[in-house]
Structure formats: structure tokens, C-alpha cells
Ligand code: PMV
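Quick setup: one chain, the form predicted alone, written in C-alpha cells, and binding and motion questions come after.
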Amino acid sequence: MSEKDFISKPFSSTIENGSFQWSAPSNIALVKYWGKKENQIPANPSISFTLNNCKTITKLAFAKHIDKLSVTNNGFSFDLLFEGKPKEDFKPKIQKFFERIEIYCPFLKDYHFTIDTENTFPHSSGIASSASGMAALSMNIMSLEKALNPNMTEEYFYKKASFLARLGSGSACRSIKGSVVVWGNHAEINGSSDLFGVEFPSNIHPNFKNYQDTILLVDKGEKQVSSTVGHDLMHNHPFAEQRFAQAHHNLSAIKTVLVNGNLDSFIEIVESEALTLHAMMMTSLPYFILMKPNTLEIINKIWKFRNQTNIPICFTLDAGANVHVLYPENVREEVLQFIAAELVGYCQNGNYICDEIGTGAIKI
């Protein structure tokens, strides 16, 4: 499919007003996407676990304009509420999103929207909410488009939702549908695309069913460097091409692992990817160290615990200091005891969040 396939055709139905509500989860990349081209196209493919508990719930109410003269903001009219209260500082990001998707959803200018959004995790927790937030908003927009075009297929509905979400926040396209999602063209993944995320096409080994992700909140502050700036630093990075090739190789390798259930190989790939992501930031110009001393303490504790117990626990990192502790469901009790006994002290205010693999966006 090309971008042109996502441009709305004239609609057979009309709708004056109404509302939709969706939840969409965050996700955690196993093979990382770092670096992008124009129009939110990834420089390399990525694969992620969809989370279950860390999600954004967004209600979109809409009413058709009586006259176009009342429309401001370059033709877009919307109010934004966060947890029921006006949130002006979120509005520029939504405005930019609407501008990016206008060509694909021209009906947006026909309505005034009230976007009421909330997260199931604290906004200041240091967990990125852009993926879940843009995914939830995109699902609502597609619900409106489906009301205007009742003949839309379910396949198209979800592909376009992922396509739109990507234009709001790249990784948001991996929060739409599926437990394991691939984004970016990859020779061995049928149907994979730079334009939207696709469900992992093979049956996943039982070892990964209900896989756990306990997120240790090492630093709940604002990110030291925005994802946009971080991705841009890959443009003239001395190791960029090798990194992109490595991502393709690691996606091939983890594809096999997810099918055969080899946890040792899974751990090796996932931890290497996490450290490579941070190595890219440490070797860019300007350079950043996003890990904190407590991040390193936790990593060393995890390695020691794994060596002593042979429990298949591992870590991954986003572009920040927090640590995602990944492990199978059948060792949950032992790992949570270890976290409570040895890792909580490295978390800000002792805070951590227990999550697990989920399935994607849900209509409420």
C-alpha cells in the first residue's frame, strides 16, 4: 500500500455529532527504531511487545460546524482536556498532528472536537505517553471515518489507524493491534511496511505468552533529550549505517526466537539492543548519557541475579533512565520478590509499575 491509499474518498453517509472512546496501550521495543526519514518513516525496522496496563483512554466528542466562519487554527477546531481539565500545553502537538493527517482525513475540518484524555499511569512517571496517546486518538478518528464510510473493511480500519498514529508519534503505530508488532520494511516479515505496524505473522512460542514487564521508575522527570532530537542525531552519525544493518539482523534473529522460545537468545538480543540504543546517543554529536547511576546499578543486579539463579530475567531501556524488567510469567513470584528486595531502592520514591503483554487498542 502507498500513502495515496489512505486518502479518504467522498463519503456515502453523514453524521452531525456524537462521541467515541478508545483505550490504547504503550509498547516496549525489543529491536529499537532510532533514526527516521521524512514523514515519520523509520530508518530501520523495529519490533515491540504491546503492553496491557499502561494505556491512554481518550474520548472524542464531535459536532459538525454550523458555519465555517467559526473555525480557527488553520481550519481545525478542538478543545483538549487532560483528566477532565483544560490542558493548553498539549494543544500544539494535536494541532501539528491534525495538520499532518489533514490530507488523509479532510473531514476533520467539518467538526469541532472535544478530546478528553487520561493515562492509567501517572503523567510524570517517566513513561512515554505519546505512543499510547496518539494511538488512542487515531482509533477515535478512524471510528468517525468508519461512521462516514460504513463499507470500510476492518483490515483497512486498523491499517489506516496505525498509519495515522505513526504521523503523530512513530512508535504509536505499534500500539494499535497485536501482542507483538513489527514496524518497518523487513525482507522476512510478510506484509511489513514503513507506513504502519503489522502483527507478528507467526505463532509465538508459549514461553512468551503473558510475558511480564515490570517498569522500574528510576527518573520520573522530563526527558533530557526529546525523541525527535534524538532521532535527528542519527543523520550524520558515524555508526548509523552499521546500526541500521544490525537492526535488520537482530529482527531476523528475534523472529526465530519468538517462534522457537529460546530465552537465552531472546535475552542476548534484547539487552544488546537496549545498550546499542544508548551507545548511539553517547556517540552522537551532541552526545547524551540518558542512563543514571541507578540504571547501571539495576542492570548489574539483574545480571548477578540471573547468573546466580538461572532465572531468565532481562532488561530493556527506552531513551531514558527507566528500566523495563522482562521475564516469563512462570517466574513472576521469584522476580517480584527480587525486585522488592534488591531493586526498589534504586527507583525514585520506590515506584515501579507491573505490566504484561497486551493485545492493542480497545473500544470502550
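One rule holds for the numbers: they count along the sequence shown, beginning at 1. As the structure is a prediction and not an experimental result, all values here were calculated from the model.
Here the subject shifts to the form predicted in complex with this ligand, a form of this protein not shown in this document.
This chain appears without its partner; in the predicted bound form, the one residue of 227, 149, 276, 212 with a heavy atom within 4.5 Å of this ligand is 227. Only one of 169, 140, 117, 250 lies close to this ligand in the predicted bound form, with a heavy atom inside 4.5 Å, and it is 169. Heavy atoms within 4.5 Å of this ligand in the predicted bound form belong, among the stretches 333-341, 50-58, 24-32, 298-306, to residues of 24-32.
When contacts are judged by a 4.5 Å heavy atom cut-off, residue 314 does not count as touching this ligand in the predicted bound form. Using a 4.5 angstroms threshold between heavy atoms, residue 255 stays clear of this ligand in the predicted bound form.
Among heavy atoms of residue 237, none comes within 4.5 Å of this ligand in the predicted bound form. Although the partner is absent from this view, residue 319 contacts this ligand in the predicted bound form, with a non-hydrogen atom inside 4.5 angstroms.
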